[in-house]
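Below sits a lone chain in structure tokens, taken as the form predicted alone.
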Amino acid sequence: MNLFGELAARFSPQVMGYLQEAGRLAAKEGRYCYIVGGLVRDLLLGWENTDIDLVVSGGGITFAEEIAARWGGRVVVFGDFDTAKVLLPAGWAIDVAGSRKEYYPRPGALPQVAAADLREDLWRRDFTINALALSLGPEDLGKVVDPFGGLEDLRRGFIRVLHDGSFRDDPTRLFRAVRFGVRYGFQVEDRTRRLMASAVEGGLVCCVSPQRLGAEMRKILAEEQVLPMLQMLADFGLLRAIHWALGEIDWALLRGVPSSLRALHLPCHGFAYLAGILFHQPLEAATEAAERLALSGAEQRKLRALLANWRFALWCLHWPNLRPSTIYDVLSTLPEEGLALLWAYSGASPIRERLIAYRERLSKVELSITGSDLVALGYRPGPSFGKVLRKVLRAKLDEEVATREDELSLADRMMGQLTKEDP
């Protein structure tokens, strides 16, 4: 099989020129150079993918430096794994790795590497469909190398590991099996499924660092078919294996997330699904789960704000005759993903109407005055500025003031009153 035509259709003549020159340079030095992994897989499947990963014999870093010097690019080196990224002037990036084999000192650990031939390099990969290589050599340009049956598994739609120790070596492959399986509509092959179950039962997920677990979950949460992926993770026990709080899932709530995001004109964001998984959890348990996934400080603050405030917000939104400023006060304590979860959880028309009012109108209301205007009126800056400006904003939300002059007049009266109360 030859994929040169598909490759040329995917990339510009300039990039194709880079790739062919890389192949010629390697051959001239008695080395081989192949495109490997996901790009080869997606070329065969007809999926969009422009991530170029090269594997070369004789050292990846030295080869990356050679081609970068020729093309006017620069190199970012990852020395422990003989890999580098070549950043090209036109904005393209090419990853280059030396052909290698790997040894895992313990489950979940980063591998130790040694130089090896192409077959051994492909053998270390996760699944047969990712153990394919496309030659850039001038003698066999575009030829596909498939030592482990990846082409047949692509044809049949199978996710298959290369060897029985695959999940022991790298338990994050459990998550990738789910992601690739659902994305491509493939079945996890029976032996691989048994190995997955055994790995989960053996507690191998506990061996993976929070940073690596978080990275795998972010990739899943960014996928178009995130709900089926989460369901499959739950079916394999992988969510509970990360942390028990991730195993208690309100599926009806999660199924409502896409439509609630659309209704509120919110961007689709994986955090909404993760927050939905933890929606009913106590704050302490949710915090532990967030730490296990290495959520950023900002994400953890959003999660705490959601879990601490959503029940009170929902209770308030049930009351009739709420002033707009009260709706604003209640909902402004929540991250925007929390609005979508309240929409999906409640289902009540009055609450949804208030969510729309907040999202489309109230959250956009801003004052025309600032603390500088209060200074110009002769007041000394202090904590009273924030207090007064918040009260003026509430008045504007309730349409008690309309113009800048109204705002300034009200703020002046409030500041004067505070001055009298606290001379």
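We number the residues from 1 along the sequence you see. What you are looking at is a predicted structure, and each value in this text was computed from that prediction instead of being measured.
FYI, the form predicted in complex with a small molecule isn't displayed, but the following is about it.
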| query | Judged by heavy atoms and a 4.5 Å cut-off, are 150, 155 and 189 together in contact with the small molecule in the predicted bound form? | reply | no
| note | Within 4.5 Å of the small molecule in the predicted bound form, heavy atom basis, the matching stretch of 59-67, 42-50, 363-371, 383-391 is 42-50
| Candidate from 219, 240, 85, 101 lying within 4.5 Å of the small molecule in the predicted bound form - any heavy atom | 219
| task | Could you work out which of 328, 271, 345, 180 is the residue within 4.5 angstroms of the small molecule in the predicted bound form, going by heavy atoms? | result | 180
| query | Using heavy atoms and a 4.5 Å limit, would one call residue 143 a contact residue for the small molecule in the predicted bound form? | reply | no
| request: Find out whether any non-hydrogen atom of residue 172 is located within 4.5 angstroms of the small molecule in the predicted bound form, and reply yes or no. | output: yes
| Touches the small molecule in the predicted bound form: residue 126 (any heavy atom, 4.5 Å) | yes
| message | So in the predicted bound form, is the small molecule close enough to residue 176 to count as touching (4.5 Å, heavy atoms)? | response | yes
